[in-house]
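Read the single chain below, which is given as structure tokens and is the form predicted on its own.
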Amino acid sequence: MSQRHVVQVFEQYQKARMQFVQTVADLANRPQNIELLQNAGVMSLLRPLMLDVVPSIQHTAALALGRLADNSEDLAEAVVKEDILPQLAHSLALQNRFYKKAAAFVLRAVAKHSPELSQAVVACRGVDALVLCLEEFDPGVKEAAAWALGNIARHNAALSQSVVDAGAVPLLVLSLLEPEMALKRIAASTLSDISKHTPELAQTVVDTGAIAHLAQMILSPDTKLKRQVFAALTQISKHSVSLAEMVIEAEIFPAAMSCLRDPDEYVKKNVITLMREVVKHTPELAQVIVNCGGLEAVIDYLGNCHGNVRLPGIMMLGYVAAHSESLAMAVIVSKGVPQLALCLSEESEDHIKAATVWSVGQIGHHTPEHAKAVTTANLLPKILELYMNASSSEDLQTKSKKALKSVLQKCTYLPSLEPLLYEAPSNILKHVVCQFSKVLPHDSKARRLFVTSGGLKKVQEIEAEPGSPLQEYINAINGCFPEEIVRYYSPGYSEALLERLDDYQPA
């Protein structure tokens, strides 16, 4: 056999290997093929090709493996069981950029599924190898490595710490300065995933100067970058007063307000979420956002969106109002209460209603003036209805009850309370009757109105336990009126009069 024939055999074998890995890589792109490939034993066939003498076969085999692991947690576990991870991590440092991107993709695909699979990547020194890739010249390699590190860090604080300990954070911050937009996005996203777990991890990110670099990108023309930048700033500022103050000191506001006019729903949501996380800490931080026009901006935002994207805005109003009477009054003056009433009537999800009810409670519980703003928006009957509705979630019922009690205890505007006399169950009714018992002794006009509107008659019909607080409040109300008027409106009085008529003998 001639030399040409021998060479031809090897060439044909190489072509066959190349064709196999390319075809598997293409088939793995479609989720419907994954189970078929798995059943055909694709893993054990790809493993030796990862060590092939031909670099293009190696990296295409890695690409195929990554796509398989990305689409199926079972196959991601098979990558771990087949002991492929140590081989990948080791070769990351030695191979060309095409292989590095494919190998980082495999690690990312395995890590995304669960903390346990991420831990397997950490255990095979995959994180150290990925951090080395962040120092590569090629931006595609950096992007692939940053993405894999983000998938590891997002699961929990311990995995995030392993990414930090490997020295990833300074290199991720440097990646924010690279010209490639895709790399900037994924670096910001990974810093966000690291920061979200604990104040200490967020502080590590801050200590590398991340806030200043993120702040410079809030007005970027790139929508996806802005989403990630605001998400990262939110994850940093949520943990503590000092971290939120550092975000504020970077002069994010009022510049960020302009992003509420962004056409992208998620940019706007992330800006509002950042505002929520800042205002919740202290009255001073809330005041900073209020002074920037934050309340008007959030209320305007709530009027232009629906569903889950409303949630951070609803909660932001509640957090601001919770701090003090003056901040709650700022929410009222900015027309926050009618907007919350609108959210309550338009939204169908219980968790959004629960947040709205909570915010209403935070606004109305300060003084009679605050309570009046809530009651005149006709919110108490709506909240009572949610509390009494058997299909409301437990959380919604609990928050509704709490909001009702806290607002009722401050409410002295009786026309808004009267409808509740007819609808409220006894545990809420006692708070309603209590407010009447406080106001009526000092207001003759209210006493007259209470009689003519039927309120006094309704109070006489309430069945209260003798000696209970409710009975005491009823007695206090009855003490505000002449005895014959109270008798006149008591149940059975007309029958008693008729009986007297029967017994009456005219002279």
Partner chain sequence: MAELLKIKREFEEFQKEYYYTNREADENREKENQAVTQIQSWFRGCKVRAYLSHLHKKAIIIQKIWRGFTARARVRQMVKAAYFIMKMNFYEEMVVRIQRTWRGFFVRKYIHNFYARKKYMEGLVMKNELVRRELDQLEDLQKRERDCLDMVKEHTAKVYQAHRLHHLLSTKQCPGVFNSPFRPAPHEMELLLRQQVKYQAPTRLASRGKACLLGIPSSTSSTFPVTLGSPLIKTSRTYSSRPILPPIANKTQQGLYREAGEAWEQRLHCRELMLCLQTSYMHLEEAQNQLRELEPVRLRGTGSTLHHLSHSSSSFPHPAHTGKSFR
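Positions refer to the first chain, counted from 1. As the structure is a computational prediction, the values presented were derived from the model and not from experiment.
A second form of this protein, the form predicted together with the partner chain, is not displayed here; the remarks below concern that form.
When contacts are defined as a non-hydrogen atom within 4.5 Å, all of Pro263, Ser326 and Val333 contact the partner chain in the predicted bound form. In the predicted bound form, the partner chain lies farther than 4.5 Å from every heavy atom of Val169. The closest heavy atom approach of Gln287 to the partner chain in the predicted bound form falls within 4.5 Å. Contact between Asn291 and the partner chain in the predicted bound form is found at the 4.5 Å heavy atom cutoff. Looking at Met257, you'd find a heavy atom of it within 4.5 angstroms of the partner chain in the predicted bound form. Here the chain stands by itself, but in the predicted bound form one stretch of 374-382, 174-182, 238-246, 294-302, 294-302, has heavy atoms within 4.5 Å of the partner chain.
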